[in-house]
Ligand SMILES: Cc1cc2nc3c(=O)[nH]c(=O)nc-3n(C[C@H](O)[C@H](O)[C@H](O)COP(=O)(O)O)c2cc1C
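Just one chain is shown here, as structure tokens, and it is the form predicted alone.
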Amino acid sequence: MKLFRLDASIRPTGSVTRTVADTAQDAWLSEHPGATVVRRDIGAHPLLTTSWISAFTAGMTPADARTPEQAEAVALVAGLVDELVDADAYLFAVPLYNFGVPQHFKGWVDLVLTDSRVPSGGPSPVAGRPAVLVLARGGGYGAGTPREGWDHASPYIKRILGDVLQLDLHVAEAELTLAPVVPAMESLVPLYEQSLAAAHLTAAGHGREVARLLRGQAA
């Protein structure tokens, strides 16, 4: 069994998405001891922002006429999609930045979607495979909150992973993650702690469920 994990947090330590994803990964490995975990950390090692332009234009350029940058971008895309196709299950850990999708995660998505194996509107090469998505938001964006509707990342990420890549998506979410470090949010710390505990509990359950789904498919 092989688990592909992608981290998008720019924080090497203190990241909520990373710690909650660790919980999901540990739960998955408890069901598949000794299984392989392939990691891509685009938070620590972002993909070049120019790679998508080169990959996109390469798709409209004959192979023998491509620039070195285009050829390199095509090879990069092939590697990114190979990581997905070669995995049995998936773990994505993505925070909310400035009310939107982290630009390096969006860059990864844009690159993956240039590959001919991931046709727009067509069947995905990873359709139906189980995945855990860990989301974290610094504030509160639920119904009735002052910033209801300001989370422009979560719906997009769920659409890309669940509808475009057609993964069987299981989501764990934590909110108010800035409460411990922002003085104005001090009164929200108890709610943050509840949200974080619930996210870890949900992530552990999802990790085990995804692992058991795979066991059932292999039986």
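Each residue number is its position in the shown sequence, starting from 1. Bear in mind that the values here come from a model prediction, so they are computed numbers and not experimental data.
A second form of this protein, the form predicted in complex with the named molecule, is not displayed here; the remarks below concern that form.
Engineer: Please tell me whether any heavy atom belonging to Gly139 falls inside 4.5 Å of a heavy atom of the named molecule, as the geometry stands in the predicted bound form.
Structural biologist: Yes, contact at 4.5 Å.
Engineer: Closest heavy atom of Pro95 to the named molecule in the predicted bound form, within 4.5 Å or not?
Structural biologist: Taking the distances in the predicted bound form, the answer for Pro95 is yes, it comes within 4.5 Å of the named molecule.
Engineer: Would you check, heavy atoms only and a 4.5 Å threshold, whether Ala198 touches the named molecule in the predicted bound form?
Structural biologist: Heavy-atom contact with the named molecule at 4.5 Å: absent for Ala198.
Engineer: Do Thr202 and the named molecule share at least one heavy atom pair within 4.5 Å in the predicted bound form?
Structural biologist: No, no contact at 4.5 Å.
Engineer: Counting any heavy atom within 4.5 Å as contact, can you tell me which stretch out of 29 to 37, 177 to 185, 49 to 57, 159 to 167 lines the named molecule in the predicted bound form?
Structural biologist: Of the options, only 177 to 185 has residues within 4.5 Å of the partner.
Engineer: Could you run down 7 to 23 and flag each residue that has a heavy atom within 4.5 Å of the named molecule in the predicted bound form?
Structural biologist: Ser9, Ile10, Arg11, Gly14, Ser15, Val16, Thr17, Arg18 sit within 4.5 Å of the partner.
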